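In the form predicted alone, a lone chain appears below as structure tokens.
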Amino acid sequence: MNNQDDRSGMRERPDLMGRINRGQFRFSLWYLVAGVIGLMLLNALVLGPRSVETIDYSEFRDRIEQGTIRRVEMSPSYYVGSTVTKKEAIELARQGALDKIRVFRAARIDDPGLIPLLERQEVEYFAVPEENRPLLGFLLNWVLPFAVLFAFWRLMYNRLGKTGPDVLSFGKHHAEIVAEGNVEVRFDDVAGSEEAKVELAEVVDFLKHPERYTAIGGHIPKGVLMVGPPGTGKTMLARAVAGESGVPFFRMSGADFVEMFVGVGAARVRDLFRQARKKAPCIIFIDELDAIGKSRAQTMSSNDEREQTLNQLLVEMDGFDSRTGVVVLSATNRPEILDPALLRPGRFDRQVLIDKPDANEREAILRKHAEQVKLDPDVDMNAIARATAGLVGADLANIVNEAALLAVRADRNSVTQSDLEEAIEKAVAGLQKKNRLINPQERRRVAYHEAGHAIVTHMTPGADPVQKVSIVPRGLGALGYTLQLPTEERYLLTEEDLLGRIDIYLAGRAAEEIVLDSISTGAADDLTKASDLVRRMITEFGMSEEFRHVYLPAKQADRFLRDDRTVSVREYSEATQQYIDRETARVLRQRYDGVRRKLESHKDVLVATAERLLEKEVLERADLDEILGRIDATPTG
């Protein structure tokens, strides 16, 4: 075993020397600090005072008088007494019996009678000069403090991003800035957003052919702000601009600028633009601009670090020449809170809206994400696109991925239409919870509730048709749901359309009350949506009797409390607020009575739909057409 250990050691040592020769082991300041600490520990363990028993000085004198202490060492701070003389100690050391020696220590006291007492008792005594360790004193008093200061300075130097002019080292160990000269994303890789591509194509053309613009005296906008809901592809479009133009791409999040130390963010902004000018032509992309660009007038509490960072950004964007070839792209989903100074001409001259995709764009996005997925030949992407109204590109990518996972879970070799439909329901309504136990009474109530929604939806002119009704629990608290499939994209809603939606929201509770003669908490979410819609009709859309065509503004005030509560400040009188409350209650009561009359006139269909739901749990479009086909759609009223 020992021979094997020796051989293994011989193999390891050359490898260690090889790694040292290859430069894998580098000197670090922390090695020096560790060495100093080791010297201090060695001094404390080896060179320090011996382990002795500390006693009072009076007891120390008593032991001398009793003859217990035979030898005394006098130092500037202590008297140290031993129970043996020097010769006896040497003899005990030869015998290996040093444990028989006892040592006592007492604090030094100026006692003129101590020396005569030692001579009377024939005690050996000697003096020890004050310890003088120049090397240790030099290390502790000079080397160690300067080493700690140097380490702290180096740490702060790195945090401020001063590690060198190379872009790849900017903000090392903290900020994430990536310089990419060969971005592979192109406009063809971004489905939808055709209008935004046209706007951004000018930026690409300027970076490729700047002489075309300088020859005529024109210049490209210094900054382009991409605005849109989360998940619409703003970051991907920025990468596509860099990929099409083939220039370095500086990417940084707005949150990476702001730090605890005031001035760090401003320093990072300066260095970012300094390095960008050296790499020009190039693109600076600042994601989530609202993290540093929040308006300075909307809050009474100041944030010096964020404001200094914003001021430096404003100065840099106003100071550099657009002809240098540095273009600033930025993205935000909260443009309303940005500082007006950012949006003025000369800074972010152009704002590009990247909105939620329409049906054609959703189909293109779905097909783009499905290129790497094996699809069944019968998959109808157009139907999937129409069923995903209101979803953004990130949602559609998640739906395609969820459908692929469902296909694998079912041990299929390709994704089917049912997989995509189930993925849509999972994205819209939540995860299916078939194992949740619901007692028969609650299950029956849920069936009538959802049947009421389905019937009133069928009877409401202009409402999106019902695609599926289910009483299988989904999500966090949904015990059932009614899924509607839009037949077309709608951007405007009439007063009749809004009242129809209110009827659909109230239909579930009305069905419960008609059949079961009681109401439950299951309609809480429906009541919230209905009440909010009525209130918006009165205050925002000017659809009330007394305030017809009048907008009643209300806004959220700045939050002074350190919690999640928000304070709503209305810009109208208390009497107007009372009218809004009364009118909201009146409209809801009136619509509820109308919905109840509709359901009572078709109670047999309500019961039949609920019983079929209890039997099958899920009713598809064909089942609903068979049951609801007997109802003639009537005007809302």
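When you see a residue number, it is the position in the sequence shown, counting from 1. It should be emphasised that the depicted structure is a prediction, and the values quoted were computed from it without experimental measurement.
Beyond what is shown, the protein has a form predicted in complex with a small molecule; the following relates to that form.
You can rule out all but one of 511 to 519, 105 to 113, 533 to 541, 184 to 192: in the predicted complex, only 184 to 192 has residues with a heavy atom within 4.5 Å of the small molecule. This chain is drawn without the small molecule; in the predicted complex, the residue among A397, L552, L483, L406 with a heavy atom within 4.5 Å of it is A397. None of H369, K426, R386, R350 but one reaches within 4.5 angstroms of the small molecule in the predicted complex through a heavy atom, and that residue is H369. Though the partner is left out of this view, Q308 does not reach within 4.5 Å of the small molecule in the predicted complex, counting heavy atoms only.
In the predicted complex, the small molecule lies within 4.5 Å of some heavy atom of G393. The small molecule is not shown here, and in the predicted complex it never comes within 4.5 Å of any heavy atom of T457. Residue contact check for G231: one or more of its heavy atoms lie within 4.5 Å of the small molecule in the predicted complex.
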